[in-house]
Structure formats: C-alpha cells, structure tokens
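First, one chain by itself in structure tokens, the form predicted alone.
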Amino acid sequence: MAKTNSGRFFEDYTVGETLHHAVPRTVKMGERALYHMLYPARHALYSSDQFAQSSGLPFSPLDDLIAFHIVFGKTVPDVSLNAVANLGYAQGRWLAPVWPGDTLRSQSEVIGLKQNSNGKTGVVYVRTTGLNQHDEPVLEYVRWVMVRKRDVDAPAPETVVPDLPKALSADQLVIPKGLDFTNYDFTLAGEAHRLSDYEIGEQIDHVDGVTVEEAEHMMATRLWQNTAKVHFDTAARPDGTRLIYGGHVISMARALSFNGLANAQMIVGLNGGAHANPCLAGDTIRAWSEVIDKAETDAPGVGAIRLRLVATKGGDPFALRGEDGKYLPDVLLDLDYWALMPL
C-alpha cells in the first residue's frame, strides 16, 4: 500500500463529507514579522500593541490575512493539491481575533461538485472552518477550485452547485469583543479619512505598484504551507511556469490599498472573490478600490465599509471588464469584502 499522498482528484470527493486537515500550527510573532516583510502591510491595529489597546483590544492581534493564509494552507493537501486553479470565494467571516500563541487547525465540508464539459476536470466547492486550540471557530469561508480527474472515463457525479448569497449583510459581521474607535488616533493611523468621508460608488486608485518575484512568492507559499503543485512544480502547468499563489495577490493588493484606505483596519467579511487571470513572476501588481456600501455597527465609534478591491498588472485604472462582460486580461483579482473603520 502506498505510503505517500498523491492528493485527491475530482472523482474522490463526495458531497457532504467532512475533511479534517493536518497539521495544527501554533502561530507567534514570527508570522507577523514575515508577513510584514513580504507585503508592505502598515495598518496600525496590526502593527502596534499601544494602538490596539487604545482601540479596546488587549493587544495587537495577528493580521486578518495571516489567519486566512494559515487556515487556507492547511486545506491544500486535501482540496487543491491537484488543482488547475483556485476560482473564487464567498461567505467568508472572521469570527474571532487570532492572538500570538494560538494554535490553528482547519476542517472543510464538501458542499458542491460540478464536472466540466471537457470531462478532464471538475469544480469542487468546500466550506472551510479554522479553529483555535479551544475549538472555537476563528474563520469560515466557502471556496471553489478546479481539480483534475485521475481517470477521464470515471463517471461524472451528480451536479450540486451550492446557492451562495451574493454578499453578507452588515449585521452578519462579527465585531471583536471590546473594539472601540471613539478615541481613534488618525495621525498615528496614517490618514484622516473616516467612514463618513467615503461615498458609495467612489473609486480610489492606490497609485503604488509592487513587482512580484519568484523568491518572495516561493517564500510566502512555503510560509503558509501551501503545497499545490502549480505553485512549485514547473511540470504542473503546460507553459512550464509556476503560478503565483492567489493569496499572495490578495495580501499584496490589500497592503497597497493602505494608500487611500489606511483606516479600513480589519477585514471581517469576504463577500466574494475571483482570481480573474493568472499572476506570474515579473508581473507588477497595482490596485484600486470601489466603495460598495457603508454601515454602522453596535461597537462604539466603529463603522463597516464594503469594498471592491481589484488587483491588476497594468492597464487603465478602474477598468474591469470588456464589452463581452469578461474580465480584462490585465485583471488579476476581484475581491468584495467588509472592513471595520472609524465612523
């Protein structure tokens, strides 16, 4: 009997099964240092214990996307080791802060399957939950991924495509216990813009760009223990390239969005997302945002802003789709999320 894991293929999944992912990981301040080295991340709540304490928290939690990457990475050997591409996200909620010293693990439920018309691949839908050492959920999200078939002649499973709401409502967002922005220091945060300064429909060009190199991508993918073959093995893609991990693009775009959205401090909801085109080493990532919605919360001084974050590798700012309705070839990421911001 083979001792090695060749990963699951499309025909190996069954709707309703639960996948318990190895290996739990204890996270400490080293994760933050590496994260801030890889991405120009500067949001104050994740940078300063003093700033976090003035905002009602005991100290600074680990970045929201650190939690996402670690929980996501655990799922790869069971969900996307043989993936062609990660396609999208929905219904993501950050349920509790992740503190240095927490131990995270992941589990996923298969909620949908759909074989593609070529008969060689299919789309697997999973709902993933990240839990801490107290078995408390800290993060949940749905994602769907295109996976190869082991045997193209294997019969297609019954098609089940989950009905996913277009977006979370503001009352579904979980606000960290104690969060209070009534004494928010805009000078230390880096910008003076509060929720009331943004208009629905407003678009923001984040101006800056970062060129992605193989070395940093490989470091990031190893850091998050993402073992998908398309990120490591040049034989896994027909063109012989290594695909940049989509989460790397998400974190880079989020960090770039600081210039214009410095006070969108915490990501608490992920409404949807699509990796529109592949990102490869040498591409320069740029970003722009659009304000979709705004809401107040029950936490003192805390509002919620819904944003579309678009990462591109060039092209005109604010250009997203062509006349045919498809994403333009320069668009890498289209992400719809909720963040917390002072009113």
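Numbers follow the displayed sequence, beginning with 1. Being a predicted model, the structure only gives us computed values, none of them experimental.
What comes next is about the form predicted together with a further copy of the same chain, which is not displayed.
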Report summary line: Given 166-174, 115-123, 153-161, 215-223, the stretch touching a further copy of the same chain in the model of the complex at heavy atoms within 4.5 Å is 215-223
Report task. Examine T129 and determine whether its closest non-hydrogen atom to a further copy of the same chain in the model of the complex is within 4.5 angstroms. Result -> no
Query raised in the report: Could you tell me if T297 has a non-hydrogen atom within 4.5 Å of a further copy of the same chain in the model of the complex?
Result: no
**Report entry** Partner contact for E31 in the model of the complex: a further copy of the same chain, 4.5 angstroms, heavy atom
**Finding:** yes
Requested in this report: Please run the contact check for H20 against a further copy of the same chain in the model of the complex: heavy atoms, 4.5 angstroms, yes or no?
Outcome: yes
Query raised in the report: Just one of A41, L280, I292, L65 has a heavy atom within 4.5 angstroms of a further copy of the same chain in the model of the complex, so which one?
Result: A41
Report task. Would you mind picking the one in E109, D205, D180, E136 that has a heavy atom within 4.5 Å of a further copy of the same chain in the model of the complex? Result -> D205
Query raised in the report: in the model of the complex, do S47, P77 and F258 all put a heavy atom within 4.5 Å of a further copy of the same chain?
Result: yes
Requested in this report: Would you give me the residues of 95-119 that have any heavy atom within 4.5 Å of a further copy of the same chain in the model of the complex, in order from first to last?
Outcome: T103, R105
